[in-house]
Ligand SMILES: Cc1cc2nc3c(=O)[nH]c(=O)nc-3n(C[C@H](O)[C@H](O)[C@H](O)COP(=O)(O)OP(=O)(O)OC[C@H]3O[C@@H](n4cnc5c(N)ncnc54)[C@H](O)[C@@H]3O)c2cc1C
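Only one chain is shown below, in structure tokens, and it's the form predicted alone.
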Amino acid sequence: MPSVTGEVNADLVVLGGGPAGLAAARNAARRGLSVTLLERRDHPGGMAASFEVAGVRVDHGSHRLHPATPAPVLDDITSLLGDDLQLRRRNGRLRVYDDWVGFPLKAPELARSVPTPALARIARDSARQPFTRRRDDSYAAALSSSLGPELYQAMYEPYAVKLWGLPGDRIDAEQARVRVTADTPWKVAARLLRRRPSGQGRLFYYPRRGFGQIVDRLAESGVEAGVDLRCRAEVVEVRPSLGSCRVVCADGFTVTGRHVLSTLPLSLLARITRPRPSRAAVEAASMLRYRAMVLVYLVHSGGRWTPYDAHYLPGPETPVTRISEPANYRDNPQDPTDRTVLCAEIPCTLGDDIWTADAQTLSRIVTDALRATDLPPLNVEGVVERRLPHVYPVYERGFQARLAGLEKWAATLPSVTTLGRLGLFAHDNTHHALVMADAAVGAIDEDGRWNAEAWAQARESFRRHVVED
């Protein structure tokens, strides 16, 4: 990859090398545009990248490519990965009412795990629902009125605090729309217990060499098409003007493009854009928060830990929300047989006790979680941790007004367009990011000019995105 020195010009500059940035850069280069992509880390891929722990390829958390992926996007990924893109059957478990049930869920198994008094309360809530006024003034109100108080309190209330750091009545109802679908384990449980069709997802796509194989191939294909991919390129200044935009990196490297596609967090873009945004935009940016996450990878000796791909932990007994076993997501003969690696996800806030904890403390938190939830013990022979500062946007009540103010400012920037999960402050899957990339490149006309109307139409379609678990 090129070193970050000098000054260049390009038709298109892409900020951020996650799935959206990589796909946009590749697609634009294949159209014949000169493209420079700037990525702060020493490798592309963002949170979709994979890496190796004890000879096992692992991901940044639990990632899957869902069957909901639009056919053109899925066909493109298949063309890049070939037979390495495997269609797999889900085999997870959900902790509910202090018991484990398999996921995908089966109604008889789930009903046997729910205490009789709780089933009676679920039946009561279900009978009352047709006569209950639907509310949408908060996450708690929306789910309590749609699922019933019993299921909300048992499955969603503690999970909201763990995932977003706020009680449900302080979270906007939009969080329920984008994060709580018919295919999430908890929503499926609610539908089954209330004797309604589940619609649950039973299959997923996953690469043989880890989820990061997707972004690796996007990067390789982009470079082959002519993308100037520059890692260790931290953007510190963005200077938009009519017809071009100048981007400056920390070491002085400068690139001027006819147009910039930014996948950086909106709040970061507001800090580094010159001239500086209005005070209102700066205040709006400071009030949009992301939930951070610490990922704890535990090397377990003695072969596979369990046959399951993921264990979901919505309850308050541990700060861990999910434990996945990456080797169980795929069929890869290169995975070692004498050991495995688990990935435990612990949401947190930047600077709190979880974020600053050392490896020994994090390992103890995970092993305590295993004991508290009746999971098998581990033969730990190694611990690796990764820290992610921007994982989940927090849709605190009132966030929409703040986001609208920031988006209004961003829309005034000439020659700059924001996209991707961080660029749009959105809860989105990888396939959503790839759809955004296609739409962004599609909004560049044949003469290289930006078609604002085409992009506005695409943005409206993005608002209908719902996260698939």
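Residue numbers here begin at 1 and follow the sequence given. Owing to the predicted nature of the structure, the values given are computational and were not obtained by experimental measurement.
Heads up, the form predicted in complex with the named molecule isn't pictured, but that's what we're talking about next.
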Complete contact of 222, 259 and 438 with the named molecule in the model of the complex (any heavy atom, 4.5 Å) | no
Using a 4.5 Å heavy atom cut-off, state whether residue 20 contacts the named molecule in the model of the complex.
-> yes
Taking 4.5 angstroms as the cut-off for heavy atoms, does residue 235 touch the named molecule in the model of the complex?
-> yes
Taking 4.5 angstroms as the cut-off for heavy atoms, does residue 402 touch the named molecule in the model of the complex?
-> no
Looking at the partner-bound form in the model of the complex, is residue 330 within 4.5 Å of the named molecule by any heavy atom?
-> no
If contact means any heavy atom within 4.5 Å, which of 50-58, 404-412, 25-33, 425-433 contacts the named molecule in the model of the complex?
-> 425-433
Of 293, 171, 105, 344, which one comes within 4.5 Å of the named molecule in the model of the complex, counting heavy atoms only?
-> 293
With the partner omitted here, the residue among 159, 100, 253, 392 that in the model of the complex has a heavy atom within 4.5 Å of the named molecule is 392
Could you list which residues of 42-65 come within 4.5 Å of the named molecule in the model of the complex, counting heavy atoms only?
-> 45, 46, 47, 48, 60, 61, 62, 63, 64
